[in-house]
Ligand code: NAP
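Take a look at this one chain, the form predicted on its own, written out in structure tokens.
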């Protein structure tokens, strides 16, 4: 933030687990932002002005120029559209919407209104991602394998929306891996085949296996208990690279690399949002979401055991 300027007022919409765990601490620690209000039907943050109706909030607080939407993807489009039409800058949690068409429409509105739209991908901000990207510029990728396995009961306890249409199922965490993939590869790849496991009582997959051009593959699973696995292993013409712990740690030729001090994924996202708003720019990269849409199109459906939280 430039010397002598005041923090920008921002409102958080949707006060659930991700907002409390990540967004609120990042904003409260930032000198660039003033968390001026929240909007939620059931949640609030101590010491922050709370609203339970979004239309009423927009009318009551025209001075809050930036809105961060932490809602599930299903209702997000309607909120984002209202915010953009009210000439507010909008930051979208990942995935940026239920469908590509929704986000394309939000892009059109943001451009017409002259405001910022930021489709954020927090895993791209992990400590090792930029370093891995720079290393791959000088190497030829021969193969890449993603293993992304975690426990849905730990990360989305009781959140049935993840298994409802638009919730994406295991693609919700899997898209984090795809956001890293599309960031670090020097050349793009495209999906060639997929197998998706749907619990017999759910509408979105609980596991997936994806194959891409360029000898790239991914395996996602939401049923892993105990230690969680978020790894990307890359073979190149100059030796192996690996990103582990969701991109937080980088290994080159089997040796862990010392990384520069890192503020964290969400502080980095909000720094990026401050920069975009300051420059009057937008950032809406849909490459990770295209892979998910392609998987839903190409994927062979396999029925799995019923799932209950």
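Residue numbers count along the first chain shown, from 1. Just so it is clear, the model here is predicted, and its values are computed rather than measured.
Below, we refer to the form predicted in complex with the ligand, which is not included among the displayed structures.
S.K.: With the partner removed from view, which of 66-74, 270-278, 251-259, 53-61 is the stretch that lies within 4.5 Å of the ligand in the predicted bound form, judged by heavy atom distances?
M.R.: Stretch 66-74 is the one.
S.K.: Three residues, 98, 121 and 209; all within 4.5 Å of the ligand in the predicted bound form via heavy atoms?
M.R.: Spot residues vs the ligand: no contact at all.
S.K.: Give me the residue from 204, 159, 182, 113 that has a heavy atom within 4.5 Å of the ligand in the predicted bound form.
M.R.: Looking at 204, 159, 182, 113 one by one, just 159 meets the 4.5 Å heavy-atom criterion.
S.K.: Taking the shortest heavy atom distance, is residue 15 within 4.5 Å of the ligand in the predicted bound form?
M.R.: Heavy-atom contact with the ligand at 4.5 Å: present for residue 15.
S.K.: Taking heavy atoms and a 4.5 Å cut-off, does residue 155 contact the ligand in the predicted bound form?
M.R.: So residue 155 counts as contacting the ligand.
S.K.: In the predicted bound form, is there a heavy atom of the ligand that lies within 4.5 Å of any heavy atom of residue 79, even though the partner is absent here?
M.R.: Contact check for residue 79: yes, within 4.5 Å of the ligand in the predicted bound form.
S.K.: Just to confirm, residue 40 within 4.5 Å of the ligand in the predicted bound form by heavy atoms?
M.R.: It does: once the ligand is placed as it appears in the predicted bound form, residue 40 has a heavy atom within 4.5 Å of it.
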